[in-house]
Structures are given as structure tokens and as C-alpha cells.
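Take a look at this single chain, the form predicted on its own, given in C-alpha cells.
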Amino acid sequence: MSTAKPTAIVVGGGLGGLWATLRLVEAGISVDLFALFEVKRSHSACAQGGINAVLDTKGQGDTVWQHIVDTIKGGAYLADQPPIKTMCEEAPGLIRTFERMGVTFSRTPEGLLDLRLFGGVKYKRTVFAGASTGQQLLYGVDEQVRRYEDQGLVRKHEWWEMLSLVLDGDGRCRGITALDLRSLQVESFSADAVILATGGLGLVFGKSTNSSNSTGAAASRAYQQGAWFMNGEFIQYHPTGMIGDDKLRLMSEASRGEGARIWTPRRAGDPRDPRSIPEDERFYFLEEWYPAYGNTVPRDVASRAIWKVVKHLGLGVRGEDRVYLDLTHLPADFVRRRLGAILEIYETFTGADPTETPMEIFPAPHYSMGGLWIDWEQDPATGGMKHGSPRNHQTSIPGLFACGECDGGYHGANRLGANSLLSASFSGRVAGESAAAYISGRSRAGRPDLEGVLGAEQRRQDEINRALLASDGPENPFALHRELGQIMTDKVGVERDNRSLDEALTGLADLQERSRRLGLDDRGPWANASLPYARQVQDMIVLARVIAAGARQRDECRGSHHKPEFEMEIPAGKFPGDPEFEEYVVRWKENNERWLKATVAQHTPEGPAVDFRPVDTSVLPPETPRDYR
């Protein structure tokens, strides 16, 4: 039996990775933390609006049960429900922990934690720190990790990229290989368990609200080595994305929570300055179509409404793909105090002041509800893996755990706003605790010698890099990425149809074949950005095939996945108790019997093999449809 000190690897320095690191260190396990750049630049810092927890400081009668219901229904019932229940129950305590870490949440004049409204709910439930909440939470947890770093219990490897997992002869994850992004040296690192906290995959769609490093490559590499990927087709388009030539920037849902209104001129192609358009000539379509929630309907509902107004009704601003997000009716000092961070972004990139003229926005790829499947545990009878508790966050590869946006466990078909910072923090804690328990059990069982396995995988990755640097093929990785983004945006976007999805799958298979014939414009051995980018493009194409294949298999409308051909609309003007509404509920339940299942993709040389798995609906059986009218 080994007496070596137990170790773990955490890949990703955002909220999920930092929380996992804290839990591991507190359990006596030293951690190697890998990040593509400085930890404090992780994408969690870009989450602006807030984090959900039932504190009810406004006295509205909010309850934890209502948070559970809103989350489950908001995700169209497609997520396993027990972990959602626990996440919502533990959210208030998590906020108190952040407070003790020194996070400066916004407060009321009385000193209470302030709350704002977010989409898909009727109560003010979102705790916030101005409009830079993610940054404040990230800095707070990083300070705690730095304390252990100073004690030598955490080693940060910033500017390193994970290239692959290292699996032993039993198929267990026992480390990673990683690339030093400055020297281009490949090294292998051993550990008793590995946690992936590598964020989203927005770059698969070319331009998105995500940072330029949100490629999903790490999750794709784990998938290609055997980890199951679930619900890939559920990609959230944020309704209020700021249009840009280089990328799309998020105008936080906090703006709508604070009273912003979405509208467009009623006259197609109206050329007038929006400030001169009278109220009766403005189409506040969310308020007209969904009076119960208005501008705070869930993101999938709002995105489709904007799409309908622009693409089908032809009412985009000046005939273009955009509508107005209007804050000008609110006091300027109030808006700047509550939303200063996003106003600065808009002013910087457009030169316009949102307190004086409405912002122009359009839905933008923003968040992946799907991710690595995380409900596996070891079967003590056989020693193999079986489906277990979603609380353990272990993937289908023993010893590999996942948390944050790269897992698929908490949001189903659509994520409610401000549940992302909550799920990242909560899942990071759980993954860290579960990995610590796993490591404790494995330490007692002993550890095999890994030098041969680590060395072999390091040599394999070195050979891949050398081959790419020496390649003089005709394909440019930057051009391939543009084509990838165009295919995914045009054919796997807000609205989908099977013909377009078939075309996408054909195009993606062709891209994957062409990606094997790359030629790099930089072959230098130092700080070569082309090499890691080329590999990321190859892995993004693999993940894009998972997304498109899942969408092709699912012939229904559910959350962010929308095929108009299969849409089941609630009868206009009918509500519970009306015969027409009750007939609709019967058809809706019949549809659930066929489609209320998670898609699961397994990697094969020919492409993703997609299957369906049941969903745990034991907390809130699906008796009533989502209805935000």
C-alpha cells in the first residue's frame, strides 16, 4: 500500500475549479491547478448580473421550494432533479460563505443584501455586486486559494493547456499531459484524481459572448478518450447580445431585471432616431406576448421572440438583425450605480451612452447546458462503473470528475439567469468533496506504477505537435474555424430543421477530414499561438458534431432546442381549466413520454453515437407545461 501524499489535478481556474481546489486542500490533498491564463482572468469574471439564492430581503414571500420549481421548469424538466433541489437548498449558505470571504455584495440603505429580478421568476432572488458579480466572487475565492498556495499545498500552472488525460491499464484517470503555452514543451503530470472545470464552448459557434478561450477543447478531449457527453444540442442564446465585428458582448440580463424594456418600431425599416419614435409606434413584443413576465421571460423564450420579430415579421431595427434594449426611461444615476460595468462596455465599443439612447442587441450564443455526464460511481460488486448519484460528479471515466459549465448536470434544456454562478460554485464544492472521497478510497487500495503510462502519453502528444509543426497541408485552421462558426450559426442556431441539420452534419464531417491536412503559418518553437489553436479547432469540430447529432435526433421543441416543425403551441387565450388547454396538456405529456430523456453521445471513429437515457423527475413530476404568458 502506497504511503505517498495524495494529490489531485484541477483543470480550470474559474469558480468551479477554485471551489474544487479549496475542498480538496481542506481534505488534506495537495492540488496542481492548471489554467490557460492567469486564474483571475477566468471566464467566471464575465458573469455580470448576479447569483441566485432565496434570501427574501424584499419580503416578497420567496421560498427555496419556488427556486427549485423555477429551475426545474425553466430547464423544461430535462435535468435530474435531486441535485437541483440540493443546490437551491444550499444557495443561501453559499452566499453567507462568500460574504465571509469578503465579497462586497450590493446592499440596501438599511444594510441588507440587495436583490434584483432575473428572467423566469417572479420574485427578486438575485444577489449581486453591481454589474461585476462574477469578478467579485472569483477574486474572493482566489484569495482563499492563494492562502493555501502560500503554504505549498496548491501549485498553479498558469499559461498551460491540458492536451489529454492519462489513463492507466484499468482505464482510470491518473493524470494529464499539458502544453506550456510559452515554451511549447509537453509534460505529463500524475494525480490520484482529475477534475475538469474548463467552462463553455461558445467558440464552436465562431462568434459568441464567451471569451476567446472558451473552445470546449478540454471537454472534447475527455469525450474522445471515453467520457460520455450529454445534451449537447441545448445551447443557450442570450437574448441581449451586443453586435460586434470581432465578437459578441453580453448586455447582462440584470438590465431587464432593473427595468430595461425590449422593443422595435412597429413600422418595418423605420429610419428615425429611436428617441423620436412615439410610444404608440413602439412594439414592446415581450410585454404584449408574455404579460405575466414581460421583459423577464426566460432566455430561450426571449431569444425566440426576438428571432420571430426580426426574421419572420421583418421588424428588425432599420431592417437589420437587431432590436432595442432600452434603459432611457430610468434615472441615469440609478442606471449607472446598478449597471455601470455593462454601460462601460457598450460605451467603449459603440461610443453611445445607453442612458441617452437605446442599446441595439440580438440573440448571441452564450452557454452550454449540456456537458460531460456526471452521475457515475464504482459498482462494489463488479468493480466496474454504474450510474449512481449525480452528487458525485464523476464522469464515465473512473477518477475523472467535472464541474461548472463543462458538466451537464444542472440546467436541462435551458438555464435560468444567475443560476450559472450558483451552479459553478456549488458543483465545484461537490466535485472537490467527491474527488477527495474517491482519492481516500484509492489510497487505501494502493497505487500502480505510472511512469511508463505517463511517459508514453507524453511522447504521443509530442509526436502530434511535431507533426503539426512540420505539416504543410492546404488547410488554414483560422479559415476552418470561420467555416465551423458559419455552419453552426446558420444551421444549428435559434431555430433548427432536419434538412439544415443534415447539411450541417455533412459539412462538419467534411471539416473534420480537412482538419487533418493543416498547414501552420507559424512553426517557431516559442509562444507559437498557431499550434494550440490548430489543435483546438480540431477538437471544436468533434464537439460540433455532437451538438448537431443530438439536435438531429431530437424531433421536438424543448427549451433552447427549437424545431418549429414539431412545435406544440399553447392555445391562444386558453388557460388551466379551459378544455382546449387541458387537451394541450394531454398532448404535452404524451410528447414527454417520448422525449423527456437526456441525449448521450459516445465517441466512435465514425462520429458520435447518440442514445437516450431517462431523467430523474422524482422531485417535481412534469404535470404542467412551461407557461410564461
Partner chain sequence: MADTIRFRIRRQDHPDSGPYWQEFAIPYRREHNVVSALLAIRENPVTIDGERVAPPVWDSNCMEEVCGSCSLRVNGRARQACSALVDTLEQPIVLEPMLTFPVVRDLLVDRSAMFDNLRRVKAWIDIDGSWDIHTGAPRISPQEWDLNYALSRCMTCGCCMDACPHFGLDRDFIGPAPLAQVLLMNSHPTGKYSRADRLHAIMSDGGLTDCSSAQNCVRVCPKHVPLTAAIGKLGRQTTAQLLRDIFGG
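Here the structure is a predicted model, which means the values were calculated and not measured. Numbering follows the first chain given and starts at 1.
Although not depicted, the form predicted together with its partner chain is the subject of the following passage.
- [ ] Note which of T328, N476, Q486, Q553 lies within 4.5 Å of its partner chain in the predicted complex, where distance is taken over heavy atoms; exactly one does.
- [x] Comparing distances to its partner chain in the predicted complex, the residue within 4.5 Å is N476.
Open item on the list: To verify the annotation, which of these, D150, D333, E463, D490, has a non-hydrogen atom within 4.5 Å of its partner chain in the predicted complex?
Closed with: Among D150, D333, E463, D490, a heavy atom within 4.5 Å of its partner chain in the predicted complex occurs only for D150.
- [ ] Just one of 396-404, 514-522, 264-272, 491-499 has residues with a heavy atom within 4.5 Å of its partner chain in the predicted complex, so point it out.
- [x] It is 514-522 that comes within 4.5 Å of the partner.
Open item on the list: Please determine whether R535 contacts its partner chain in the predicted complex, using a 4.5 Å cut-off between heavy atoms.
Closed with: It does not: once its partner chain is placed as it appears in the predicted complex, R535 has no heavy atom within 4.5 Å of it.
Task: Contact of D246 with its partner chain in the predicted complex (heavy atom, 4.5 Å) - done: Residue-level check for D246: yes, a contact with its partner chain.
Task: Partner proximity in the predicted complex: Q136 to its partner chain, non-hydrogen atom cutoff 4.5 Å - done: Result yes; Q136 sits at the interface with its partner chain in the predicted complex.
Task: Partner proximity in the predicted complex: T97 to its partner chain, non-hydrogen atom cutoff 4.5 Å - done: Flag for T97 set to yes.
TODO: Enumerate the residues of 30-52 that have a non-hydrogen atom within 4.5 Å of its partner chain in the predicted complex, in sequence order, or give none.
DONE: If the 4.5 Å heavy-atom criterion is applied to its partner chain in the predicted complex, 30-52 yields F37, E38, K40, R41, S42, H43, A45, C46, Q48.
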